[in-house]
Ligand SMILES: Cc1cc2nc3c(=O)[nH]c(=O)nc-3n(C[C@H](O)[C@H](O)[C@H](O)COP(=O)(O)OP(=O)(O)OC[C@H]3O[C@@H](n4cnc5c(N)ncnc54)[C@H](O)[C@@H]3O)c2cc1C
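First, one chain by itself in structure tokens, the form predicted on its own.
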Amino acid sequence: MPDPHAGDVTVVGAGLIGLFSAHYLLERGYDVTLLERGTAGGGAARVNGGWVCPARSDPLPSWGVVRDGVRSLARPYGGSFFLGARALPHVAGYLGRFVLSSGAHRFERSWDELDVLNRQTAGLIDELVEAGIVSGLQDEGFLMVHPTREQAEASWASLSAVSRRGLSPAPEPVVGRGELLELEPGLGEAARFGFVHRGDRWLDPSRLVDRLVGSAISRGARVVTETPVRAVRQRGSRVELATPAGVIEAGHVVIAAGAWSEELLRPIGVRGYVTPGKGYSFTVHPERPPRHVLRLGDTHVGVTPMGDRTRVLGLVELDGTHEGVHTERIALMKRQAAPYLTGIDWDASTDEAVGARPMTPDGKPLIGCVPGAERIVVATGHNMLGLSLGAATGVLVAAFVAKGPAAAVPAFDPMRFTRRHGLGSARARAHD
């Protein structure tokens, strides 16, 4: 039952994590205000692939990604993970910790820890469907296509291992081109072998943002846009937020500002190393639109059907900025995808966009109270998994607001990098 005396909470950020947090805070009876620096659903919230994919929600840091990043410095128009040479001084702290998190043991441990949230995803999304907030959820499966049987079988073996984590069924058998064309007539010549993997679902993320905003407003929440928060500080039993319009007070504050969170975290002593990782997407209109999500060989390019349009997505770019489309990245994605698809005028693509994802060095989010300022709750750093992990994060955020540090999940401790940095008390960090 909602608590009518729950108090007031201000959520900084109206992206997916902020909106999911607001949803579950409203369920507990809190008076909620969302402050958004731009428009609701900015950043990567509307321009992602729409995947609700707990089976695929693994951490990014791995030796393969490290390899791609290093190669991109010398060969900037290949691979899937790009590092801008000029940005290296600005992301060095993040990259050093990323490399340390990329070993096989650390990768597996981080994935196990992410599954604390992943295991809640399907049930929570089903509840949101029943509540009318999630609509248009698709579950026809992900179709993995490859140019050779060897690559398809290696992918099949990898996803078979993933299925043993218990979040998806085993992939269906590998089939050849004839059966692939029965599944997807619009596949190109590069799609010679492949298989369907079920269990993960997808939706239109922009529609989800609109429904979360509408639901929050209908239950009394205030959504204030074009209002950046410059600083957050706890004073006794209240929290102050500095904005261009003046100081706003709240009983609790949730920092869910996505890739912009670090500028709020550092002054209060949290070194999260939250770094913007730019993800690219654009829209095409195939003559024969796909019915499945498509994963195109080893290109790391994905294709998501979204009603009357098809979204192509991929790449992670760290160039030290939050925005700005590099057209050569879009061109690369088109070159990679073109052999796998037919009936597409690639020159007629629309909605070319970039979304800044909040990347952390170990691929796990920062969720928890700030020591010494427990009325400030951190909820950021979801990397490329904000949609999949958003609902479970919202439930956890509401628990932190209600219970304080007693709700702590050590794997997501927002201070885990700060403590390793060797700084002193929370108060000392706030003045560092």
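It should be emphasised that the depicted structure is a prediction, and the values quoted were computed from it without experimental measurement. Note that residue numbering begins at 1 and tracks the sequence as displayed.
Omitted from view is the form predicted in complex with this ligand, to which the following refers.
Report yes if all three of L167, L208 and A392 come within 4.5 Å of this ligand in the predicted bound form by some heavy atom, otherwise no.
Looking in the predicted bound form, the three residues L167, L208 and A392 all stay beyond 4.5 Å of this ligand (heavy atoms).
So which of Y280, Y340, F98, Y273 gets a non-hydrogen atom within 4.5 Å of this ligand in the predicted bound form?
Checked against the cut-off, the match is Y280.
P371 near this ligand in the predicted bound form, any heavy atom under 4.5 Å?
No, P371 stays farther than 4.5 Å from this ligand in the predicted bound form.
Looking at the partner-bound form in the predicted bound form, is V12 within 4.5 Å of this ligand by any heavy atom?
Contact check for V12: yes, within 4.5 Å of this ligand in the predicted bound form.
Although this ligand is absent from this view, report whether L16 comes within 4.5 Å of it in the predicted bound form, heavy atoms only.
Output for L16 is yes: heavy atoms within 4.5 Å of this ligand.
4.5 Å heavy atom contact, G42 to this ligand in the predicted bound form
So G42 counts as contacting this ligand.
Stretch from 125-133, 152-160, 106-114, 253-261 whose residues place a heavy atom within 4.5 Å of this ligand in the predicted bound form
Contact criterion met by 253-261 only.
Can you name the residues of 26-50 that have a non-hydrogen atom within 4.5 angstroms of this ligand in the predicted bound form?
L35, E36, R37, G38, T39, G41, G42, G43, A44, A45, V47, N48, G49, G50, in sequence order.
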